[in-house]
Ligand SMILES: Cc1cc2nc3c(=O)[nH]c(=O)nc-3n(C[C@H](O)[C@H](O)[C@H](O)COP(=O)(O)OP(=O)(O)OC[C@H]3O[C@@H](n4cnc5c(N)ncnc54)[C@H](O)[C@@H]3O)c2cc1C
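Next up: a single chain in structure tokens, the form predicted on its own.
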Amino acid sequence: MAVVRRGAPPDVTYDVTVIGAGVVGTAVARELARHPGLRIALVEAADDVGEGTSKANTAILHTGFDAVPGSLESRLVREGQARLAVYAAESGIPVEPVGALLVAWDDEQLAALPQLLAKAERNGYHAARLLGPAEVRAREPHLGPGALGALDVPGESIICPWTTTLAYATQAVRAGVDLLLNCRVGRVSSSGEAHLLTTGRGTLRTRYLVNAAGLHADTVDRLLGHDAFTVTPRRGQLIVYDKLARDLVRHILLPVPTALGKGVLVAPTVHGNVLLGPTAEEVDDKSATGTTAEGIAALREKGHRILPELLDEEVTAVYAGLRAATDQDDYRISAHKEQRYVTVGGIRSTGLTASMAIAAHVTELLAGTGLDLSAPRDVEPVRMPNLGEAFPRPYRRADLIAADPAYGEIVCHCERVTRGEIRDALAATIPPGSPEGLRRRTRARNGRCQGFYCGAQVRELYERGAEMGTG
């Protein structure tokens, strides 16, 4: 197994190369690794996995109740939700099945709820039901005044998106996949039976190619001569409220959706915070992840109607992510047999949920293009460090601390992250490439002080790990 952040790519011809180490690309690499005999590369422009759209989303494990019935997205979200729920339980990825309420605030929205219920049925989801205003109030006592009813979707859950991507990538690497970071693909040409990928680190040869480049999937697709879709980044700004706000909300509170998306929601997180967002702004710049005063003000205005008391709570952080939106209503996943190439584009906010089903679908498409696949095997199980508040953390476990006192030595007091957890992350199969990567693996510097008190110590631990070749 290999994780390489510098130097030329190996002088070999890979059987399959996956471009993009987000949640979808890592899931595809993991799925391919289940077939012995394949030499697989996973290449990523950034210095870590999950650095693009995968790191900044609303972290919801969807049921797919509101997808377009009959679409590829509908099927893959439904199948992916079932697969990921099982995988998360096996791998230690925190998931909380809190359910969702789709709240109607005016007569027009109330009239739309039966249609959404019928849509859920057409999508194969039969647990949804309509609630009257009294039951909505009983279920969410801190809700703002004026709620007329809701659609109850009990199967919706919250999940840790960071751990999911890292679990896929860890299993893939342990099963033999080469992970090449800091390896941006700038050109694709062909030589006989091989694609030649010109990267910032040299040329990489591969027989089959999968494009899971997220925001840049359209750019990579054009390198292969296609012009089937354009990614228009859709920026979503979010506010993260302090853990003291967690008791204000029991469900994911969704508005009735619009053409631009599911609208502004209020949702708990598995890390114990409360999210308000996202906005939905179409932007031209695929790196425009900054927040704006206007965006935050708009969120606060909408949040005041949904959960007024939330605005009195402390804000821990604000951030923005970009969704890989296209002008299509469905995923853009297609095989090009003559090129031994599969495009995985237009994967929107449901991509986290659908990731394992997308991976299985892409593997079938590769087989259809001629890739010879051996019988799949079970790869070595992985057990990820727990980042969820609803499950025992190391600082709470006397047995763990007795065996290793480093788990009792708290470094980040806001998030109660111990020296033992930081040490483990720096020595993991895929160590972080930056202090930000360490934050996503441990939650260190993720709390209300945002590293004001622990930042220097965390940085020192990170740099010491890097000097030892583990960070």
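Counting begins at 1, following the sequence as shown. Note that the coordinates shown come from a computational prediction; the quantities given were computed from them, not determined experimentally.
Absent from the display: the form predicted in complex with the named molecule. The rest refers to it.
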Subject >> Sole residue of L238, L366, A128, V266 within 4.5 Å of the named molecule in the predicted complex, by heavy atom >> reply: L238
**OP:** State the residue from A45, L426, L38, A406 whose non-hydrogen atoms include one within 4.5 Å of the named molecule in the predicted complex.
**Re:** A45
Original post:
Quick one: does R184 come within 4.5 Å of the named molecule in the predicted complex, counting heavy atoms only?
Top reply: yes
**OP:** Evaluate G321 for contact with the named molecule in the predicted complex, applying a 4.5 angstroms cut-off between non-hydrogen atoms, and reply yes or no.
**Re:** yes
**OP:** Indicate whether S349 is a 4.5 Å heavy atom neighbour of the named molecule in the predicted complex.
**Re:** yes
Original post:
Taking heavy atoms only, is A212 within 4.5 angstroms of the named molecule in the predicted complex?
Top reply: yes
Original post:
With the partner removed from view, which of 107 to 115, 215 to 223, 390 to 398, 137 to 145 is the stretch that lies within 4.5 Å of the named molecule in the predicted complex, judged by heavy atom distances?
Top reply: 215 to 223
**OP:** For the heavy atom contacts within 4.5 Å of the named molecule in the predicted complex, list the residues of 272 to 288 involved, in sequence order.
**Re:** P278
